[in-house]
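Two separate entries follow, structure 1 and structure 2, each one form of the same protein chain as structure tokens.
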Structure 1
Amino acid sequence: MIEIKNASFQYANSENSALNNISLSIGQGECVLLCGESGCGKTTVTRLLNGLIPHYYEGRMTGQILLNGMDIAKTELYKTARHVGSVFQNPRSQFFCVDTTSEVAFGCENMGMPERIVHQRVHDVSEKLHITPLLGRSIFNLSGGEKQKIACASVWAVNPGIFVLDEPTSNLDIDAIEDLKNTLLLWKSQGKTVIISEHRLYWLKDVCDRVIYIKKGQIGFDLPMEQFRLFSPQKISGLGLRTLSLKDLSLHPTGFHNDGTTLVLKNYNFSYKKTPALQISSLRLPVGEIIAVIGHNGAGKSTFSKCLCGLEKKFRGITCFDGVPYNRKKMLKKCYMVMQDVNHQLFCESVDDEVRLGMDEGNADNVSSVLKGLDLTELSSRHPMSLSGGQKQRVAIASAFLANKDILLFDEPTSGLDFSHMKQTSQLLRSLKGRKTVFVVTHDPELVLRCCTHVLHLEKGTEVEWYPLMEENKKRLIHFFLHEKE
């Protein structure tokens, strides 16, 4: 039984309060979805529940959070940890150990359980989640989905009564989401309380039984899932939420650029050690369009991206752009990848310096117009690291424009974004059509339907199909994203 009484919180370095007088109670065995726009305070609610607020994140807190009568603010974190298990957004940074077995055992070890019991727990949990083959491996060799499973197992091994998940699917593909859904159903069937804060809603339709919508730090509504499910798609997007049903998504036709020039990928073969990761002998793509690159985890999407951008040193393929062949080194000059974590590619002290770094000499006069076009003029003297995620993305694009890059590749540009930010990104991508050739590697069907003109479907390192995105092809795309595990 969780009881939040008149809770407010303001982070130490922020001017606005993150939560404003929230009161709610969650009964045992309930499965609650927390949703809302980015920055609405749903992550803060999860932090109140697992005790990270006020024990780890500093700020001003009022009100009370009771967990079976225990005041979390007055309980040491390691004691709360016995009752509340947390799964976080980024599987990369929530592991303490470097090998999977120790990781699953980690929570139990911290409780000081006897060795025999720890082994027993690790064994049981691994059986239930079907991860026994993953034990004894290095976490650096696991996919995002596998990492998230290990994280769930590790939390479950402690056997808490309450599970708190904070945007657990941001970095997952469709299969991994399906697996996570099954894990949640398993917890639910055991009578555990599950609280999940999430942007992607479609997979939780049949999992959660209560929906709490948070707006600007207050509870907007608190409804049973049956009622929430009846909301029209317009109403859902009006609330700033992602779609509830992939089938309801509509295509936003963008028209084709279609000037007849082509991009031909020849001899796109690449292997890691002896495992082939990419095998495309020849592929003809149009220039100036926005091409979605889809496929399951391990389909070769990231190898494809690295090879296209010339980042794989041993890659020998040739790319013909409008009939002119480019080798790997030349592609490095022609291509630019906007990474999933944009922080990796911003180096300078101001936006202005940033976009001038690596700029083509002839473009010096265009700086202000490019900045204006991307709505960055007012930010030009700011430090890139002080900007929001979307602004950082635009700075990266501006630098690509000024470096005369013809091909832009976006790696998961909308992971963890809410509806309005996703829409912004899609508009940005649409504005690039005809000026650049854009590849978008993504697991987000909403984004694809909003801005892409073509779809390239990779599987096992080779192209399965490749089609222009028109009304008659929409079904093919939705089918891929709805496809149950084979």
Structure 2
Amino acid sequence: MIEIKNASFQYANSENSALNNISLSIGQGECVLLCGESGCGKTTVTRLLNGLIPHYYEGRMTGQILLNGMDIAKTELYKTARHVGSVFQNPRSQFFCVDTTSEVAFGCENMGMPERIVHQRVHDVSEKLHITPLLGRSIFNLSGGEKQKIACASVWAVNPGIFVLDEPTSNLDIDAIEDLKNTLLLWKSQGKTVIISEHRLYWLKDVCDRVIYIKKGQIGFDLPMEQFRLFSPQKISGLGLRTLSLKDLSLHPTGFHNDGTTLVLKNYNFSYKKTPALQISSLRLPVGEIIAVIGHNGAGKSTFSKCLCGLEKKFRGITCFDGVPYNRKKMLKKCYMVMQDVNHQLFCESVDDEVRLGMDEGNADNVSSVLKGLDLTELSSRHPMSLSGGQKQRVAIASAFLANKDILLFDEPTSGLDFSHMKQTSQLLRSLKGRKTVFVVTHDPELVLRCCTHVLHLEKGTEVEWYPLMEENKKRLIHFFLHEKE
């Protein structure tokens, strides 16, 4: 039994409280969804439950968090970890080892379990999660979905009674989400308690028993999932939440630029060591359009992006822009890429300095409007690394808009974004049509339907299909994301 009694928390150096006098009880074996707009307090609740508040995140806390009568705030983190396992938005942030087998075993070894028991735990969770083929591999060579599976396995091996997950699907494809869904159902069948903070709701409607909606640090409502599922799509979006059903999504026509100018990709072939990752001999794309790049994890989408913008030094393909050939070095000057992990491209001491770092001087007057359009104005003096994952993502997007490059590439730009900020991002992307050529690598069908004009589907490093995004092609896109599993 988890009890939160009149809990409030304000982070150090923050002017506002993240949580304001919330109280709730979660019974053993319940699967609970925490939802709400970015910054509402969902992640703070998860940090209260796993003890990261107050033992890791500093601030002012009042109230009590009890786990079977144990006061988590007064309990050492290593003791709490025996009862509460955590899976974070970015699984790499919780890895301690460089190979998968050691990572799965780490928690058990850290708790001093006998070697025989550790080996048995690793074997058992690997069998149940179907990840035995992943054992013995380098952590650095795994896809996003594979890393998430290793994170789940390492937590499960300790055998806690409670699992806390914070935005676990932000970088996962449809198959990886389905695998995670099956993992949650398996934990439920074992009587585990699961608390999951998430923006993507459609995959959880058959998993969670209960929905807790948080708004501005307080509980807006606490309902059974059966009742929440009766909410209309309009009511769901009015709450600032993502859709409960992909079938309810509508296409937002953007029109096409269509001036006849093309981007021709030639000999787009690339391998990691001896493993082919990209094999496109020739591909003709329209300039000035917003192109969604879709495919399963490992399909070659990120490799395609890095080759296109010249980041892969050994890439020898040629890009013809309006009939003019460009090699890798020239493409570096012509492109700007927002990476999937934006922590790799945040360098400055403030948000304002960050978005101006690579800015074209002609865009100086647009800084305030771009910051406002992405809800970053009030954060302009904050250090980028002090922001949440979704806020960092928006800072990187703002930098791309102000860089004034001809080709912009966004790798999962709505990772960790709620409905409102996803919509804002889509509007800004739409505004670039006809002025820039934009590639959006994404697993987010809501974003694609709101702003993209074309779809490029890659699998195993090669083109599967290419089509303009019109109403008659909407079903093709939804079919891909549903994967006949909704």
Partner chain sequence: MQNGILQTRIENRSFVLDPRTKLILLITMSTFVLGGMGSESASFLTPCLCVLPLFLLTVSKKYKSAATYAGIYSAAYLTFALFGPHTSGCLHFLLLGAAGIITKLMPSLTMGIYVISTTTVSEFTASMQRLHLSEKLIIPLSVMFRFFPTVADEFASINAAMKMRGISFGGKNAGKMLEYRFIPLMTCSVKIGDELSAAALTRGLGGTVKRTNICRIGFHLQDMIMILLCAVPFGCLFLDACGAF
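Everything numeric here is computed off the predicted structure, so don't read it as measured data. Think of the rigid core as the biggest set of C-alphas that the two forms share within 1.5 Å after superposition. Numbers given to residues start at 1 and step along the sequence of structure 1.
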- Of structures 1 and 2, the form predicted together with its partner chain: 1
- Would the C-alpha of Glu354 be classed as shifted by 2 Å or more between structures 1 and 2 after rigid-core alignment? yes
- Message: Taking 2 Å as the cut-off, check whether the CA of Asp206 shifts that much or more between structures 1 and 2 after a rigid core fit.
- Response: no
- Query: Does superposing the core leave His257 with a CA shift of 2 Å or more between structures 1 and 2?
  - Reply: no
- Message: Given the rigid core as reference frame, how large is the C-alpha shift of Asn343 between structures 1 and 2? Answer in angstrom.
- Response: 4.4
